[in-house]
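Quick setup: one chain, the form predicted on its own, written in structure tokens, and binding and motion questions come after.
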Amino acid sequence: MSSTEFLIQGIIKAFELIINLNPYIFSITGVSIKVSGTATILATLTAIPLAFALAFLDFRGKQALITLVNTGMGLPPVFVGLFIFVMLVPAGPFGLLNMIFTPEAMIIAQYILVTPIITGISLAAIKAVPKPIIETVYTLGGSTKDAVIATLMEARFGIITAILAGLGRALAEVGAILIVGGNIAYTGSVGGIGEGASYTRTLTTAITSETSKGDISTSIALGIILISLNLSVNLLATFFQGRD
């Protein structure tokens, strides 16, 4: 079999797996969406208030916090994974929580990675709001709360873009969640890859394991779904950037 035929057969079988709603593949997809979605929601609840605080408040250590946020936007995932792993292993400070190799540990890792990204992009969107708009609010007797609301309305599309960027980053992440999640999948009573159910295996970590086992068709199927999810997120981000 030539390399071209091998690739074509792999792609054909990959689409068959997707069309037939292979339980293993869609179990992995479900875990990916659940972990990344939860991490992004939690990161958003932290990042948006933080971005507004950095934009509107003056306090000691503000510049240091901004520097920390900017540094966090480029955090190496494997370092974050290692840090969470050391914290959660039985011998670690939080070992009693029994969270290592669980979806919760993966959510924590992605939360740490995504929060600075959403904060940094949101802060940039907030600072891009024309100053006359904010000054007008104060001129008309408005409070800081009113200025924040007006800024939120003006920067809303940029903030939505920040959230979508965070979600896309979370979906594509592999290093940290591979370390703290363990890439665990269970097999059914019959056995075989089609009977599997993911516990901490995501689209990205599953691609690494299936490729190493030589199951190219499953890897391609997972890759197609991953690219489709990220493409959808990026199209939404582009749409809102155009509205900004």
Partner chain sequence: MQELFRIENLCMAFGEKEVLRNINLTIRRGEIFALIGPSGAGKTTLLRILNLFEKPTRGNLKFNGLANEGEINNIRRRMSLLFQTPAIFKASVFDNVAYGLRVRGIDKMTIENKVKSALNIVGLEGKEAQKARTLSAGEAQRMAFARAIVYDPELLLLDEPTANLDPANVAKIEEVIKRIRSERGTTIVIATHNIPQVRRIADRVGILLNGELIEVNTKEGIFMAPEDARSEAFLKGEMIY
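Positions refer to the first chain, counted from 1. Computed from a predicted structure; not experimentally measured.
Form predicted in complex with its partner chain: not shown, discussed below.
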Heavy atom contact within 4.5 Å of its partner chain in the model of the complex, the stretch among 97 to 105, 125 to 133, 162 to 170, 71 to 79: 125 to 133
5, 11 and 15 each touching its partner chain in the model of the complex (heavy atom, 4.5 Å): no
4.5 Å heavy atom contact, residue 112 and its partner chain in the model of the complex: no
Non-hydrogen atom contact residue 92 with its partner chain in the model of the complex at 4.5 angstroms: no
Contact label in the model of the complex: residue 150 to its partner chain, heavy atom within 4.5 Å: yes
Proximity of residue 121 to its partner chain in the model of the complex, heavy atoms at 4.5 Å: no
Heavy atom within 4.5 Å of its partner chain in the model of the complex - qualifying residues of 117 to 142: 132, 133, 135, 136, 137, 138, 139, 140, 141, 142
